Structure formats: structure tokens, C-alpha cells
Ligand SMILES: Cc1cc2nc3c(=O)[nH]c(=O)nc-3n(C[C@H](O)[C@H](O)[C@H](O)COP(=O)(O)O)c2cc1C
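Read the single chain below, which is given as C-alpha cells and is the form predicted on its own.
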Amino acid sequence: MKSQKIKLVYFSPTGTTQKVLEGIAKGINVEVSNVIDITKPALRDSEMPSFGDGLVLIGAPVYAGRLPSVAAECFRKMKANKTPAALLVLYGNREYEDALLELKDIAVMSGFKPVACGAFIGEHSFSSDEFPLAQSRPDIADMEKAEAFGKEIAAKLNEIESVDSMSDVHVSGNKPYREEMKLSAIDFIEVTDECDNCGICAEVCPNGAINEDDAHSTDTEKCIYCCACIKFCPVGARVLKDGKIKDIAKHLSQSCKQRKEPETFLG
């Protein structure tokens, strides 16, 4: 059952999930016919297309052991008809806990047939030069493993005659899922005098939390703690304030130093 085309669907505020999915697609070595980037709010509000034949790669980051709620809600709107899917979560070297199982369950309920699942590592949202955590990951070694995983997926698809003959993919995780992270309105980002109001932070924010006309203004009710605005600021004008989130960043940088490696699962 060789796939003739691939579609990518992802939520990737800082670009790390996107990068790994593209690496997997490179290994599969089939043309990518469509990319659906649900990182932008406008795209999540639009109708999701139906998925027929061809392999779909679906990915999202892990937030406190779960999928980001904005991504999960959008994934639930997808409709497929036994469409083969490879599922990916990307976490910041702490734990991915129930996120991969949650993504698999959503995919199955939406009509997909999981053929492969994986948990890869990317730089943590709270990582900084002061408190590094999985800094600069996915790195070269990670991308080599992503490409190798893609080759394994291609070989698996070549072995089977139809989706009906595919066995289940067993992944790590527990039910009920761990409690979802509560997003309280925390003002945890400081905008320094280096800010020149270029607007990039507002452009990359996946939830419309930053005012396009005033980069110093952030709606803490909409912020999902992804820190894309910090990662992409070209002058480093956005930094973590002293307080709860920075304390968490410090703790994680000390307790999660040991390098973790990608985990992959095939049917």
C-alpha cells in the first residue's frame, strides 16, 4: 500500500513540531501535496478539509503532558475515512505523558487509521540562555532519527495491502488523561526598551494575544505560554519576568538536564 502523496497537519508555535514532521516526510520520500498549519487562529476557525487517500502526518507540541487545547479542538474537527496517519508529539525534554495517546485517540475518533506514532524532543518553551532546556533541539541527531522514522513508515506501508490489514499502534500514556494545564492570566513576559515595535511577536502569536499596533500590550487571558513571541523576537526584547514561570524554567533546567531521545511506535 505505497502512499503516493502526503499531507501535513500541525500546530507549531515555535516551529519545532513542523521541523520534525518535515524530517519524517523527507524520509518517506513522497511528494507533500498539502500543508495545513493550524498555528494561526484564522486557520483554526475555518472548516477543516476531509481526508481521503494518502498518508497524513499530524503533529503538535506537548503542554504539561497534554495536547494544547486549541490544537486538540481543531484536530477533533478533522474527518477521515480510514485514512492512514502518522502521529507526532514534541516535548521539551521533561515528559510527554498522555499527549501521544490523546492525539491517537482523537485521530481514531476522526476516522484516521494510525500506522505510526512518535514522541520527539524540541527546545522547551521556557528555555533560555540563563535556564537552558533541550536548547537547539531538534538537533542534527534528532533530524536523522526523524528521517529514519520516515523510512520505517514507508517500509511499513509497503508491507501491507490495505488499511484494514494494519494492526493497532500501542503507545505510552494513561487513561484518564492527566489533568489539563490551567491557563491562568499570568503577566510573565517583560518587554524591554530594546523593543522597536516591529510586530513580529504579534505575527507569530498563535492565539492573537499581542496587539498588532502595540507590542507592549499582551492579553494574558489569551496567552497559552508557548513563548513564540520570545523565541522569534529579533532583538531579544521579550524575556521572562521574575516570578512563577521563570521559577518553573529554573527548576526544569536543573531537574531535566539528562538528554532524552525520541520514541517511536509502529503497528
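We number the residues from 1 along the sequence you see. Values in this document were obtained by computation on a predicted structure and should not be read as measured data.
Another form, the form predicted together with this ligand, is not on view; read the next lines as being about it.
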*Hey, of 236 to 244, 219 to 227, 45 to 53, 30 to 38, which bit sits against this ligand in the predicted complex at 4.5 Å between non-hydrogen atoms?*
219 to 227
_Heavy atom within 4.5 Å of this ligand in the predicted complex - residue from 91, 112, 75, 149_ = 91
*Consider the chain as shown here, without its partner, and state which of 105, 190, 180, 97 has a heavy atom within 4.5 Å of this ligand in the predicted complex.*
97
_this ligand contact at residue 13 in the predicted complex, heavy atom, 4.5 Å_ = yes
*in the predicted complex, does residue 123 have a heavy atom within 4.5 Å of this ligand?*
yes
*Answer for residue 70 alone: is it within 4.5 Å of this ligand in the predicted complex, judged on heavy atom distances?*
no
_Is residue 62 part of the interface with this ligand in the predicted complex - any heavy atom within 4.5 Å?_
yes
*Would you mind checking 197 to 211 for residues with a heavy atom within 4.5 Å of this ligand in the predicted complex?*
none
